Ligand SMILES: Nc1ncnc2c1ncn2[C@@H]1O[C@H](COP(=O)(O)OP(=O)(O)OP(=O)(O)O)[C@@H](O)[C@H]1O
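Next up: just one chain, as structure tokens, the form predicted alone.
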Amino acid sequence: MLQIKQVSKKYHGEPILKDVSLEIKEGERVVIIGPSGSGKSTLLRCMAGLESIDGGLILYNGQDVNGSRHSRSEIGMVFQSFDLFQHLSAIQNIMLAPKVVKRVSDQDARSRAVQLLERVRLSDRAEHYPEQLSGGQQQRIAIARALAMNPKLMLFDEPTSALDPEMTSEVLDVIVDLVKDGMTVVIVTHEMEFARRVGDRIIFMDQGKVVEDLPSSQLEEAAKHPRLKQFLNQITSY
């Protein structure tokens, strides 16, 4: 589904991604881990076509992500910060993109939004505004908003980093449900127990490079790289 070929990216002349290559198959659940500043979030934004790349190629079903609006429309992304529109209610946030981008009717957009609110367990918060919602609820609305565009691939950039443990559990449970439904997902996270629970593969990045790419079931046995061992030892939840 997604091919990343020798991708490089710089910010202000500083290399952030260095010759990154990997492939993601349809239906796969891929988890990316690594220390802060290793390029994880930048890689995700490049996958979504939100960032240009300085070298290499990113293909979604054979089409260049940076040159294909259709490809980008099939990739949904959920960010660390919820980025909801503060002046819109929960259901209006979910309805907006289908109406504006896909020209879906108000009735159809609302019907889909109601279904998604139920899916993320927030049917009773449809008319609430972001300031009336907890962080976990806002992130679940953000997930519903991304799903409203019917993406084939979902990217999650540390979706629980701004949440306390109770809210973290709420959001992770919703993502687990998506995974059970067969959604292709790529998740950047520091939640190692969650990573093992949902991931088919674990990708470890450090200093802009993919250092390890291994099945999640083999993480403890196959983590031979000293830098990966050091990172895992520093994650208290591991």
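Each residue number is its position in the shown sequence, starting from 1. Predicted, not measured: the structure shown is a model, and the values here were computed from it.
Just so it is clear, the following notes concern the form predicted together with the named molecule, a form of the same protein that is not shown.
A.B. asks: Quick one: which of 29 to 37, 192 to 200, 59 to 67, 172 to 180 gets within 4.5 Å of the named molecule in the model of the complex, going by heavy atoms?
C.D. replies: Heavy atoms within 4.5 Å of the named molecule in the model of the complex occur in 29 to 37.
A.B. asks: Just one of 219, 24, 16, 228 has a heavy atom within 4.5 Å of the named molecule in the model of the complex. Which one?
C.D. replies: Of the candidates 219, 24, 16, 228, 16 is the one lying within 4.5 Å of the named molecule in the model of the complex.
A.B. asks: Does any heavy atom of residue 74 come within 4.5 Å of a heavy atom of the named molecule in the model of the complex?
C.D. replies: No, no contact at 4.5 Å.
A.B. asks: Decide whether residue 184 counts as a contact residue for the named molecule in the model of the complex under a heavy atom distance cut-off of 4.5 Å.
C.D. replies: Judged by the heavy-atom cut-off of 4.5 Å, residue 184 is well away from the named molecule in the model of the complex.
A.B. asks: Select from 1 to 18 the residues with a non-hydrogen atom within 4.5 Å of the named molecule in the model of the complex and write them out in sequence order.
C.D. replies: Heavy-atom contacts within 4.5 Å come from 11, 12, 16.
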